[in-house]
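First comes one chain, alone, set out as structure tokens in the form predicted on its own.
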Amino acid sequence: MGRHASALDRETALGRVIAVTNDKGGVGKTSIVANLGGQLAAANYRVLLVDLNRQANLADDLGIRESPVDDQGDGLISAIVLDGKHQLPVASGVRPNLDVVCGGTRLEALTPLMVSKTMGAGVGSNEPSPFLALADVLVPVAQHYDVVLIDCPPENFILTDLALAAARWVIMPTKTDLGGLVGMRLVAERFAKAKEINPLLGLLGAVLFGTGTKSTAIHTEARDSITKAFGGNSPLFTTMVRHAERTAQDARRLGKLAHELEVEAMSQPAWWELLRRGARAKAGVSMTAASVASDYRELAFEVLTVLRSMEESAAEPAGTQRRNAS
């Protein structure tokens, strides 16, 4: 196969790989990866989730922590160490249409490994960037999925660079507090550098997470910060994921996604019904799960809409794009 055909195959395989990243922790990256993936899978899209976090909170959200499929990141790091000589192992059927490449404590070795690879590459080397290692192992796997979502760790620019080199698109969750916005600005800096390795990398949008739906003044300030970070662009999704601490606790406690909690909440008896029966009330699922699930449904629809629009624009000849813009 010629170099051009090979490059096209690689571009196609990674065309719907989305890195979900913010340098700040606690801004909703894992929750968005898990729930956005779950919503897309429920809509009959084939979805792969890749966990690059040593804490492996994605395993908690999906209820697979310490299950037989939870390899704590061993398969991911082995595939990278062996330069893709063995196919990346995937935990299949975690949900219908939803598969996972697990993260965990084994990924602690990935940062020093990448440092070593980078130092060994040398300045001015004609060899491909070591940061294409994740892309290399994803290519044979990603082609079998409609969407691949990468859950990026906070405060680890080396693993973030690995994800950005493999991704076609970026989604950035942020809270409206200073820490979340600062983390977003740091990602904007990494984004610019990553495009030197991965010129096709594009920003799909930012998502406000854990916010009040009526806090319009705060949302305007956040939009202004995003605009400044990305040089005049304000790629903010209109869908916001609302603050619902009890639902977040239920999700981690039960290993269920918001739409699964929604079904459970609707089927449980009301507190007054338990009282009438003389039964002792037990800790149930918060009814706010329905609102949070609705947010994720709307986000999934908006992400697909924006993604298709971006893909259609990218497919148009340059002259057509200029005519459309005029």
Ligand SMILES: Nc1ncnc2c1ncn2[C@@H]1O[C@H](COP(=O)(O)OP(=O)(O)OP(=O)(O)O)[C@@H](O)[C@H]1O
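Not measured: the values here are computed from a predicted model. Numbering starts at 1 and follows the sequence shown.
Although not depicted, the form predicted together with the ligand is the subject of the following passage.
Chemist: Within 4.5 angstroms, counting heavy atoms, which one of the listed stretches 297-305, 259-267, 63-71, 47-55 is next to the ligand in the predicted bound form?
Modeler: Every other range fails; the passing one is 47-55.
Chemist: Looking at K228, H219, K193, R252, which has any heavy atom no more than 4.5 Å from the ligand in the predicted bound form?
Modeler: For this set of options, the contacting one is R252.
Chemist: Given that the ligand is left out here, which of A79, A244, M114, V90 has a heavy atom within 4.5 Å of it in the predicted bound form?
Modeler: Among A79, A244, M114, V90, a heavy atom within 4.5 Å of the ligand in the predicted bound form occurs only for A244.
Chemist: With a 4.5 Å heavy atom cut-off, would you call G15 a contact of the ligand in the predicted bound form?
Modeler: Although the ligand is absent here, G15 would stay clear of it in the predicted bound form, with no heavy atoms inside 4.5 Å.
Chemist: Consider F131 of the chain shown here, and say whether it contacts the ligand in the predicted bound form, taking contact as heavy atoms within 4.5 Å.
Modeler: Heavy-atom contact with the ligand at 4.5 Å: absent for F131.
Chemist: With the partner left out of view, is P154 within 4.5 angstroms of the ligand in the predicted bound form by any non-hydrogen atom?
Modeler: It does: once the ligand is placed as it appears in the predicted bound form, P154 has a heavy atom within 4.5 Å of it.
Chemist: Would you classify V27 as touching the ligand in the predicted bound form, given a 4.5 Å non-hydrogen atom cut-off?
Modeler: Flag for V27 set to yes.
Chemist: Using a 4.5 Å cut-off on heavy atoms, what residues in 195-211 are near the ligand in the predicted bound form?
Modeler: Result: F209, G210.
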